[in-house]
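In the block that follows, a single chain appears as structure tokens, in the form predicted on its own.
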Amino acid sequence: MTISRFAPSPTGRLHIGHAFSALFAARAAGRAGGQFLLRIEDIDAGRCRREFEDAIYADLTWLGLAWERPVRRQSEHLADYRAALDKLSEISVLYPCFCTRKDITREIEAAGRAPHGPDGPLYPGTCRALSAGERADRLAAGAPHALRLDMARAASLAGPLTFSDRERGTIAVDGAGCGDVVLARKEVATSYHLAVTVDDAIQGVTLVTRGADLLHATHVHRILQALLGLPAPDYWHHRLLTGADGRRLAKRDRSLTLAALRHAGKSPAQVRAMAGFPD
């Protein structure tokens, strides 16, 4: 059975780009006689707000979408992510990173030419080189830190991997392009990379649909799946809707939120057609 999901973060109102993603995922499941799930990615307590979560339910219902219950809210499942972190720690693929953003910028500038990933310069691995004693001393002193994935060791343990994309075919995994990604911070108990990997497995998602801008993240997620012994779903990285200026739609585009379109008199059918899903 095909099980897809739409997983927004309640940090603002949904816009027409979100509508496209939700409708895309729902159609992929519906055409296969499967299930469409909704997940609320609310691990960032500082930015997520319950009023935006309530608005997500209202906007999707107005758009004509229905989903399986219950809705998984990430903030209610921190123990699942902790268990995954513990398992990764047992195989020694995590290390504490004490660098601030300023520290990282300074290291990159000093290096002259730093390797770049999809989101900019890659973390230079400063804290990966710390000795066990240095790490223990800093942790004992209560130094703020994040937990990073030692990508080289993780990829070595995982071995050669691939994933299947509905548009691009079979893709060989190359985690090095993303560097030593953060999997948890003191103020946020898990990261997008870890949480989405664990959630998809727990919810039995068999088809992950998301924007092409997240194609690089799938390399990280596939490695995590292998290390954690989790199943690998199929993927479908779809195109992104862009505004008149050619830029990817974001929550800054308030005139294109579903609420604004509704208040402007647009019907659900009209908004679905704007998103490329005419009835």
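No experiment lies behind these values; they were computed from the predicted model shown. Numbering starts at 1 and follows the sequence shown.
There is another form of this protein, the form predicted together with glutamic acid (GLU), and it is not shown here; the text below is about that form.
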Among the candidate stretches 210-218, 44-52, 65-73, 226-234, which one is within 4.5 Å of glutamic acid (GLU) in the model of the complex when only heavy atoms are counted? 210-218
In the model of the complex, does every one of S9, Y192 and V196 come within 4.5 Å of glutamic acid (GLU), counting any heavy atom? yes
If you look in the model of the complex, which residues in 165-191 sit within 4.5 Å of glutamic acid (GLU) (heavy atoms)? none
